[in-house]
Structure formats: C-alpha cells, structure tokens
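The form predicted on its own is given below as one chain in structure tokens.
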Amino acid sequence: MKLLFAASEIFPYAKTGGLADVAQALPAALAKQTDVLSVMPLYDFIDREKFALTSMNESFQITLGKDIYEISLFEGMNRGVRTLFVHEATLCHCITPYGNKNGDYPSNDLRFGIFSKTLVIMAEMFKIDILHLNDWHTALAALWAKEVLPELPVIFTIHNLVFQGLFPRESVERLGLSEHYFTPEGIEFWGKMNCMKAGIAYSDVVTTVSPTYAKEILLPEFGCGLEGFLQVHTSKLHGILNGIDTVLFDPLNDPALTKHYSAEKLSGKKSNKTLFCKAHGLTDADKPLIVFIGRFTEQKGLDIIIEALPKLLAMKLNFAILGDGDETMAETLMSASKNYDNFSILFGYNESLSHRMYAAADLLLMPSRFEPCGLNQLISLRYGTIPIVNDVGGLHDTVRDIDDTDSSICGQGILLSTLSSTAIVKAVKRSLKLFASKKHFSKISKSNMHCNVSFEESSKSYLKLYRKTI
C-alpha cells in the first residue's frame, strides 16, 4: 500500500501549530508499516540547503480557471520519510504559510487551490493507493480526485474546524470549479466557497484528531456552523487520537535541555527548573512553576487566565507564558510582568525554549474552550509536568482527574469542569496542594512519564482504516 500524506506544514520545514508536528510524527509512525510519501509546499522561507532538499527535475503544468501554472518538485528525507515539495511561485512566494500582520493572504484560495490540484496529479504520477488530506488547505484535492481518479480512496482529517477556508463566490470561477459544486450539499456556505466542506463532502472517510472532538463537532457549540452538514456525513466520521513524536520529545535525550532526566531519575528536572527561573527573572525556584505555552487566543482560554491573573500571582508560585497572537492580550500580559516578580512573559514561537519550559515546569495550564486534540498536554505528560486542563475534546480523552480512580486513561492532572476565572483559581489551588504533598506529586509525575503518548496505537488505527477504505 502506497500512501500520499499531504499537509500545508510539516515540522521542521514550516510550523505555525500542532498540524506541523502531527504531519511529521504520524507519517514517521506509518512508514514503519507501509510505503509513505509526505507532501507540502516548498515555501520560499524554507532553507533548501539546510534541509538538503534537491530538485527531482520533474515539472509539469496545471490549469486553474483561465490560467496555467508551472509546478516543480523537490524532495528530502524527514525522520525516515521521503518528503516531496511542491514549488510554484504564487503558492510559495511568502514569508509565512498563511498570512502576515495584516491578516490572511488574499490569494490563499488560489495558492492552496494550486497545491490541492497538484496533489491529484502527484497521486496519479506516483501510483498512489490512498490519499490522506489534512485540513482545508488540501481539501479541494478530494473534489478533484473524484473527477480525475474516482477509484482513489481519499481520507480527510479535520485538525481544527474553526479554520474552514472561506472565500468569495468568485473563487469558484477563479479556480475553474464547476458551478454544480456550489450548492449547500457541496462547497457553498452562506454565499461563500467553503474548502472544508469539499474535504468532508468528497472524501471517502473523515477523521478528527480525537474521539471526543468527533462527537463535539456534531453539536452547535463546537460545529462552527457545519454541525448539520457533518451530521449528514456522520457515517464516515471517525475520531482517532493524536500522539506526539516521542523521539523529538524525550527528556532523556532532548538536545534543548541542559540537564536530561527520566522517570527513574527526576533530579535533572529540578535542575532545569532552577536554570529556567534564573534565566527569566523568577524568584525562588523552590516555588511551584506553572507554564502556559500557546497562541494568545480565546480558544486557548488566555482571556480567562488574564482575568484570573491577579489572584493567581498572589499565590506562592511562579508563572511563565510563551506565545503570541492577540495584541491586546499581549499588552496586558506585558504590563502584568512589570508588576510581579513571579511572572514572566515570553513572546514568539521558539521550539527549543518551549522544550525547556516543559522540562522546567511542575504544572501546565491549558484551559482551552475547545481542543480538537491538543499536543501540549501530551508533551507535558512526557516531561513529567502535570497538566491543568479544561475537560473538552482531546483533553477529555488524554487526561483524567487525579481523584478519578475509575478511568482507564493513563495521564493524570487537574480537570476543570467549567471554564471561568473562579474555576481556574480553584484548580490552581488544588495543584498547589498536590505540589505540597511531594511524594504524591512525584508519584503522579513519574506515572505520567510512563504513559504511551506516541503515534504507535493511532497509526495502527489509521492503517486499519486505510485498508478498509481501499
């Protein structure tokens, strides 16, 4: 079985979020059991020399609407997976994958239309047995595949239903799509073109990145306007839990860490904490260290954290935040950091720093309003950092409350039953009480580090689904 796995970003070449991590780790796990080709755009900001990417001397043309586009292919190796790169000037001439400080690129419909149509050509070119598409950036490939390769099985994975690829009606003509697709049963959505709907409607199987999220998106509060459409296609909807790359995220061998450690020898974790606190001006490293790592958005519950911040920082703890996003939130956090010596705010995306934070922290705060799967809590388990999470989506599937003795879920943490500043303060107080019980805290931390958070089991589920679909 030959699989073509397509995503708009793959770590380490391009990363804006968890999709990139999954698009590296899942194919690497699948490649141990089947033949995998990964595909992504070759954006201009990718360093071809650094990653040893070479031209395949393979080029062809595609037509979208009235225009013709020249496609070139490149290749490299990523964690044992042959990775192909699509280059076309309109698609790849950018400084970030999707947009800049002014918002999304206006040409994203055309850019990812080019990528999606190219995927169908590549599926035929490389004699692919199954095509696995990820999120709206690749979704139109499901539609075109049914036109050109009707026998080719197509899997479409929803990583986050919020981002649907909505564009003006004119995009239908711009991309050369037939008008008969522009219906409520197809890609029309309140007078606009919806790429996500193409992936759902024209694929053979739709997956989400956790079982609970697969159920949640059928409900109005999580369905983002597509709950009714998804209910029509519920027979082909499956939830398969994400994992992480346990080679990349390994406290015993992580090159980002000054001190390595394991569940059997946790002393190195304390050293990482001391070093981090000293480097970022946090006083008294003996106090519990809580971290938040992620985008500054309401989805991640950062607005609720900000509301709770004065009460949190009045407690005997250190708190560090890493991320970027909403400028108003960023300014509020920066202002708070000037008034408290137990609070540090770090802006931007920094992979190595995030690893050091997971290793240093005692607790991870992750009060997401919704979470398709979430990788941060899985990484925290791996690094012996106990998560404090809202009980939704993939968080529900991967973390059980420390007082829940009936659940079969391996990961233990503090669960919020409701999302409010009061609930966060209450949960943090619980975590501090747990931290004070050193022996109990250490036992949970060590137990979490032994949880299997890899893609091993998930890859088996995908392979079973691939074979069934074929």
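For every residue, the number given is its place in the sequence shown, counted from 1. Because the structure is predicted, anything quoted here is derived from the model rather than measured.
The discussion below concerns the form predicted in complex with a small molecule, not included here.
Contact annotation: residue 97 falls outside 4.5 Å of the small molecule in the model of the complex, judged by heavy atom distances. In the model of the complex, the small molecule lies farther than 4.5 Å from every heavy atom of residue 113.
With a 4.5 Å cutoff on heavy atoms, residue 199 does not count as touching the small molecule in the model of the complex; it lies far away. Looking at residue 293, you'd find a heavy atom of it within 4.5 angstroms of the small molecule in the model of the complex. Residues of just one listed stretch (373 to 381, 187 to 195, 304 to 312, 139 to 147) have heavy atoms within 4.5 Å of the small molecule in the model of the complex: 373 to 381. Of the listed positions (108, 171, 337, 354), a single one reaches within 4.5 angstroms of the small molecule by any non-hydrogen atom in the model of the complex, namely 354.
Checked against the small molecule in the model of the complex, the candidates 158, 366, 360, 363 yield a single residue with a heavy atom inside 4.5 Å, and that residue is 366. Every member of the trio 21, 323 and 350 reaches the small molecule in the model of the complex with some non-hydrogen atom inside 4.5 Å.
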